[in-house]
Ligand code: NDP
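The chain below stands alone, shown as structure tokens; this is the form predicted alone.
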Amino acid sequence: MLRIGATGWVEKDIPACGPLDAICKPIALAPCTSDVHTVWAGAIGDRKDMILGHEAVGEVVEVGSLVRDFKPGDKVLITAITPDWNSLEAQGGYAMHSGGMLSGWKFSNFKDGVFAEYFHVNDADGNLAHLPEGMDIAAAAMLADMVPTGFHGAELADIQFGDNVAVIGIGPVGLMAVAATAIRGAAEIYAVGSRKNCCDLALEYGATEIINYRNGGIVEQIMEKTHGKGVDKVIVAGGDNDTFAEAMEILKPGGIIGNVNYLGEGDFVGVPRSQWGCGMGHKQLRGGLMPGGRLRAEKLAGLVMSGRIHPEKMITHRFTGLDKVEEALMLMKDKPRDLIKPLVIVD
């Protein structure tokens, strides 16, 4: 990214490798809606000549002197969130906020990202995971962000066996939230979306009903489906700052909203006073940056290798060559109807 509103290519030195760190080169890359928010909405503030990207599968080219478990030539999964694992925040259970709120999110936030010939990974032993032999490279790329973020939505909402759940927004993150909700044993899963390919895949991943917001208000549709009772849990994976009003209205007292939608614009989130029980409805709103790190990546990779999840099915557009990243990014910006997620294989 050259500046807010403009993308292009910049030349920089190969990053230096600290004693705990690694330098990697990309094997596969995936642009994200977060990159779009960064460039065209200025969501994280003014940025200039910053390399974008936080979704990659890579090959290690250099490791620091204190790195134990990785060596040059290793093929690796790299999580989009790369915490500092010796931080106090990590010890307190919130590694994604190591160094301050959202500071576990380093790539294309306050340091250069992965859309480069070489990129830096801090705390390599904690933030890299070995690429399992035989893993589909498309599935591996989705383990950087789409899978862990969607699954974190299910964690934040605390999905329990038999819960009735609404998942608002079924782009890549929402689709993975549907898959996680099904794995956690939800009963009814209402997937809110309109694009046919996303709706079809949501059903394949475990959704029991599609709520198409083009056919009427989602509150009215879900309340009709639940005979006026509403749902136990809501995962918000799309929409805007006003989506929480609808989420709160369909949520039962005692329910939880788990938000993993990146709110890139506006100053306030709208929560209706009356639907929140005038502040006393025991309706919780939880929002969180997904956990990163090696253990998380290894566990989710196990779900892929066992056939429990198939994130590679979200890839609708494929490109070859680092120079195609910008074209793939523009797809995420323009969002054609047939898009779910693009993937760039680097030569």
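When you see a residue number, it is the position in the sequence shown, counting from 1. Just so you know, these numbers come straight off a predicted model, no measurement behind them.
Below, we refer to the form predicted in complex with this ligand, which is not included among the displayed structures.
For the three marked residues, 194, 238 and 290, a heavy atom of each sits within 4.5 Å of this ligand in the predicted bound form. Interface residue remark: residue 32 is counted as part of the site for this ligand in the predicted bound form, having a heavy atom within 4.5 Å.
When contacts are judged by a 4.5 Å heavy atom cut-off, residue 173 counts as touching this ligand in the predicted bound form. Of the heavy atoms in residue 37, some are within 4.5 Å of this ligand in the predicted bound form. Contact between residue 276 and this ligand in the predicted bound form is not found at the 4.5 Å heavy atom cutoff. The single contact residue among 181, 127, 149, 98, judged by any heavy atom lying within 4.5 Å of this ligand in the predicted bound form, is 149. Between this ligand and the residues 213, 118, 94, 110, the one pair within 4.5 Å by heavy atoms in the predicted bound form involves 213.
For this ligand in the predicted bound form, the listed stretch (85-93, 226-234, 254-262, 135-143) containing residues with heavy atoms inside 4.5 Å is 254-262.
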